[in-house]
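Single chain ahead, written as C-alpha cells, the form predicted alone.
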C-alpha cells in the first residue's frame, strides 16, 4: 500500500478505513484527520514528516498570510488546531503520545511540534466523544438563532480547555458585544485602508488561498459602516450585533508561541465539543493578528490576559458544505 490513497478525498475519510499493515501507514492515516482542522483564513499552513514512531508538525511559512499576521500568531494557532486533531485521532486508535513543542530540528521548514507515538494508549477525558466530530465539524457562517445557550452546555465547553494558563471566556451582554462589534468594524476598515494589506488580501483570494466568504462579509460590513447603513438596521440586528447570542474568547496568561499553539489546540477541542453538543461556531479572529489592532483590542476591553481566539457561538441551521482542503499528498513531506 502506498503512503496515501488518492481515492480518499479529505472530507470522506472514515475511521473504518484505518490500515492494519505498518506503523508508518497508520501514522499517515492519522494525518487525514489532522488536515481537516480549521485555520484562520483557511490558509492550511501545515506540513508533516512521518518517521515512525514520530510525526513532525511543520509550518508552511509560504502559507502564512503575512499582511494580517506579521508575527505568525495566526499561523501558530492554526497549527495547534491540526495538532489537536492528530492527537484526538491517535487516542481514538489506541496510541499514546508525547509532544515536544518547537524542537530544535534542522529542516527546510520550521518544526512546531514533534509527536512520538506508542501503542496501548487511551482517550483522555477532555477528548471523549470528539473523534467522530472531526469530519462533521463546520465553520458556520449563517445567522445564528436568538436562542440562549444553556449554562450547563457552556460549562461542558469550558471543561475541555485543560491547558495550564489558558481560559475560555464568554461574552453575552449586549453592551460589550456592541463595543466589540464596533471595534471589529474599525479594525477591518483599518486593514483595508492599508494598501499593502489590501493588495495581499486580493492576491490571496485570486490564488485561492483565502476564504472568499470571509472577504465578502467583511467588505459588506465595511461598506455598511462607511455609508452609515447601520442606522437602517433592523432591531434584531441591533440586539444581536454578531447575529449570535454569544461571543467566545480563548485567552492565555503568557503570550509566547507555545501558548499560541496550545490555544489553537484548545479552540479546536471547543469547536469539536460544540459540534457534539449541536452548536455552531465561527472564528472572527482575523484582526487580532495585526499588533496595533490587537493592542487596541486589549485596551478597549481592559483585558489582563492575551487574547488568542475570538469566535461566535450559538444554534444555527446546518452549514451545507465544508471548506476545501488540500489533499494529504500536498502536505506530506518526503524523508
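Numbering follows the first chain given and starts at 1. Fair warning: this is a prediction, and the values are worked out from it, not measured in the lab.
Although it is not shown, the form predicted together with a small molecule is what the next lines describe.
Visitor: Quick one: is residue 309 in contact with the small molecule in the predicted bound form, heavy atoms, 4.5 Å cut-off?
Guide: Although the small molecule is absent here, residue 309 would touch it in the predicted bound form, with heavy atoms inside 4.5 Å.
Visitor: Report yes if any heavy atom of residue 262 sits within 4.5 Å of a heavy atom of the small molecule in the predicted bound form; otherwise report no.
Guide: Contact with the small molecule, no.
Visitor: Although the partner isn't part of this model, could you tell me whether residue 286 comes within 4.5 Å of the small molecule in the predicted bound form, counting any heavy atom of the residue?
Guide: Within the cut-off, so yes.
Visitor: Using a 4.5 Å heavy atom cut-off, state whether residue 145 contacts the small molecule in the predicted bound form.
Guide: No, residue 145 is distant from the partner.
Visitor: Quick one: which of 109 to 117, 76 to 84, 89 to 97, 167 to 175 gets within 4.5 Å of the small molecule in the predicted bound form, going by heavy atoms?
Guide: Heavy-atom contact with the partner occurs in 76 to 84.
Visitor: Given that the small molecule is left out here, which of 257, 126, 181, 141 has a heavy atom within 4.5 Å of it in the predicted bound form?
Guide: When the small molecule is considered in the predicted bound form, the option within 4.5 Å is 141.
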